[in-house]
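Given next, in structure tokens, is a single chain: the form predicted on its own.
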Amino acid sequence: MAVTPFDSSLYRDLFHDAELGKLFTDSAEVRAMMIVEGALAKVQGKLGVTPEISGEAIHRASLELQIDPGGLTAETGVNAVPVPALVQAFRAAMQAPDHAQYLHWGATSQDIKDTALVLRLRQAAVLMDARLAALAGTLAALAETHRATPMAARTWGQAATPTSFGAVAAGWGWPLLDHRARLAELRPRLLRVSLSGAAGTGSALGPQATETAMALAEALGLAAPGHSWHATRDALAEFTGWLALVAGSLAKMGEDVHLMSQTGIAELGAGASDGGGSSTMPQKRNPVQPALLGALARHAATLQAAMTGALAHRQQRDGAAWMTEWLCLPQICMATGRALSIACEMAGSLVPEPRRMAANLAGDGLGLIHAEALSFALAGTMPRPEAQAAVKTLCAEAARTGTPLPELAATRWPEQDFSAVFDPAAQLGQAPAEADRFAAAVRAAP
């Protein structure tokens, strides 16, 4: 097995996200760092920090030159960061030493690498937000279509009371809207330039350090934080925490789909678990997609613990904590991006089985799932504790004798009409309204 399954040739179609993966390659990182270097040189030239003609030359070169990441390997292994090797290769490739001397003026490696990372995370966030919106739309359609399709709600793995499949779909979808709102809130804290020099003071940037940072932020479409964040990593940990939350919500949906499609339940048809064949059992279709959602969420949560630990940056800059981020952040992004892709595909292929839902709701035919509704109906004519005790006795009798609860109730209280009590469609409570509210919220979302 490869060190990381995300980039494995063997496991590529299982774990890899091709669209998101383009942002997390060596070439993408080098290109992003060159963009930052070019933009920095250009704004410094315009501000008169360096010769404007040199700034323009460096900026133009940053867009035109191609630097092979493989050529930076040896120096990166020594320096533990690729920026020194990149700057050296960039200057050599320019073949204009008079201009190239102003490349990387006053900045430090962390400024360039962190800002380049933010540029790529901005693209990743846009991609994931679009997938969240698409998934929410698919679930909204399911919620509306099945707003009043009765099924058994289950608590602790046991049948509880009736609900609707539309409400279940809405339950999967509500967190997605919250995640989109969270992303909008954290974006300003994440999408910021880093430009504060070797020890965070900006001393080598000169008296125009603040102005330079603001100009660089404007050039890159980012914010200027007004302070160094070399050793203040909460924004990155917040973003990866958000990613872990998203992955966890998708895993919850996967777990439910897994259970609803299992043998003996079969409330979701083959589309919910299509894809997984057995090497020896031709009849099996294993729920690969739901299982993968669970695995990816666990992986993201585990790596998020390391990202939280990396908040403990020692002093003004800390190599160990910084490298911990490199090891974890790309994989959390890939895990969540892949999970979103899988969830969109899975949700679009779900085949609800209303007849099977009704059969499971009926259970063994004793009607015990309506016991709570019966106790509340009786509470209108007797104290609730007495009603609960009476129904509990009837449930035991139904289980012992095999006589359905509706028959026992009709015999015990012949003067009362219990038809609505034992009608699943009449006992959905707020489930249809919940499905409607979710669908309306999706339509109203930006």
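Residue numbers here begin at 1 and follow the sequence given. Treat the numbers as computed from the prediction; the structure is a model and nothing was measured.
There is another form of this protein, the form predicted in complex with another copy of the chain, and it is not shown here; the text below is about that form.
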| task | Spell out, yes or no, whether the shortest heavy atom distance between V43 and another copy of the chain in the predicted complex is within 4.5 Å. | result | no
| said: Is R91 near another copy of the chain? Define near as a heavy atom within 4.5 Å, in the predicted complex. | reply: yes
| request: Could you confirm whether R131 comes within 4.5 Å of another copy of the chain in the predicted complex, counting heavy atoms only? | output: no
| Distance check, D26 to another copy of the chain in the predicted complex, heavy atom within 4.5 Å | yes
| message | Among the candidate stretches 121-129, 223-231, 135-143, 346-354, which one is within 4.5 Å of another copy of the chain in the predicted complex when only heavy atoms are counted? | response | 223-231
| said: Under a 4.5 angstroms heavy atom criterion, identify the one residue in A148, A96, A358, A160 near another copy of the chain in the predicted complex. | reply: A160
| in the predicted complex, which residues of 47-85 put a heavy atom within 4.5 Å of another copy of the chain? | P69, G70, L72, T73, A74, T76, G77, V78, N79, A80, P82, V83, P84
